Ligand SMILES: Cc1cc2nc3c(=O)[nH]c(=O)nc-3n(C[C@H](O)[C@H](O)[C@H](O)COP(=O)(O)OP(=O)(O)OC[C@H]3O[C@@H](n4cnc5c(N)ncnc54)[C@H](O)[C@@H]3O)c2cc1C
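Coming up is one lone chain in structure tokens, specifically the form predicted on its own.
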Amino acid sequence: MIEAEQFDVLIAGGGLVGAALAVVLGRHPLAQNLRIAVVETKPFKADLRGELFDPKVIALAEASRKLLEAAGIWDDALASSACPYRRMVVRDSAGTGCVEFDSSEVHRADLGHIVENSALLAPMHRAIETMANTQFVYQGIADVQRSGEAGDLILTLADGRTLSAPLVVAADGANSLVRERCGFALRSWDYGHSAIVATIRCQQPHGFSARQWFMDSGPLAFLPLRTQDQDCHHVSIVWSQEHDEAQRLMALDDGEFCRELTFASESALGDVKSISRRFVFPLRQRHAVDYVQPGVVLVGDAAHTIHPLAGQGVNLGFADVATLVEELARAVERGLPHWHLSALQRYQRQRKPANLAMMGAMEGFKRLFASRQPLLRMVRNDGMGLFNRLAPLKNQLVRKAMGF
């Protein structure tokens, strides 16, 4: 039997959260003597199936941006391709309720940045390829086993090779193989929504504002984008609708879809002039009962998935990364091995309540705005108006969403 190749940390998955973990951990002073591998199926290649932009974007919170900046990922090139948003307008399409958030009210230059997935992932992968203590292993994972009752985890790759480490981090997404093979219990339920994503060009510029409309059948988000020549007429949409309605919308031709989108967005940016290829995927909430076992830890979507209505999914994953690296480093400072169970448990104690709170809030928003009861609609609209006037409470929520 061929002996497994030994590492100190194996990161399963080289997506946004897994790659961020590799860079943040690999560049930490206390991790310089660790041997780290990121197991990913194939090298990164930008898949731009829209006309100008990646179909998937993230709303990067300021705390996430600072994490990436400290790790050397956020540079002038990335900052120039990202689009800041300074205002956010949330409307109830079934009434007059409206809440407006403005970066100037919290003394910030902006509330966050809209970044294409590929624009963020590319510099992460480039950084990993230059790090002496970190490497990619390009191969799919076929199996996960433990050597002995409480030994290292062994990853068996699709080509038959085996890798072993005292710490394996599952960053392999919502359908995590590592999570499943290690027997982590999972709570999961269908949101009853499918999300349509695409890039549109509007008649009017977006003014660096993010917009969201809540409808009975689901929310619609307009996320501002800008081209290299600073054209600000493009917007990334996330239109979450009940499954049947989403399929109806997907069946429309581009002209019909643009007209319906113009109506749903209340012509906030004038007519929707054009649209890229559309993609649709079902939305499902998942949450692992536990995030850790001896030698194994879940991060990002492997631990939790959430409705995209507030754009917090990847930001929760980046917060997982920051906390996990902090706790691994703390273990080393105390003279413990980086994989010590106490460090993993401290990570879980910090991240699980925060993630559950955000998931609960998003579920509450979804249910609140899905209600068709006239009395609740009236209370909801009055409540939004009152909240919009309560500046201290509103600004506290903004700071929380930004990660502060």
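Bear in mind the structure is a predicted one, so any value in this text is a computation, not a measurement. Numbering starts at 1 and runs along the sequence shown.
Only in words, not in the display: the form predicted in complex with the named molecule, which the text now covers.
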Problem set entry | Candidate from P84, G151, G270, G173 lying within 4.5 Å of the named molecule in the model of the complex - any heavy atom | G173
Seminar exercise, completed: Checked T199, Q312, S103, S209 for heavy atoms within 4.5 Å of the named molecule in the model of the complex; positive is Q312
Exercise. Does the named molecule get within 4.5 angstroms of any non-hydrogen atom of V17 in the model of the complex?
Worked result: yes
For this session: Give a yes/no on whether G300 approaches the named molecule to within 4.5 Å in the model of the complex, heavy atoms considered.
Result: yes
For this session: Examine P308 and determine whether its closest non-hydrogen atom to the named molecule in the model of the complex is within 4.5 angstroms.
Result: yes
Problem set entry | Contact of S118 with the named molecule in the model of the complex (heavy atom, 4.5 Å) | no
For this session: Just one of 127-135, 328-336, 245-253, 280-288 has residues with a heavy atom within 4.5 Å of the named molecule in the model of the complex, so point it out.
Result: 280-288
For this session: Taking the named molecule as it sits in the model of the complex, which residues of 244-266 have a non-hydrogen atom within 4.5 Å of it? Please list them.
Result: none
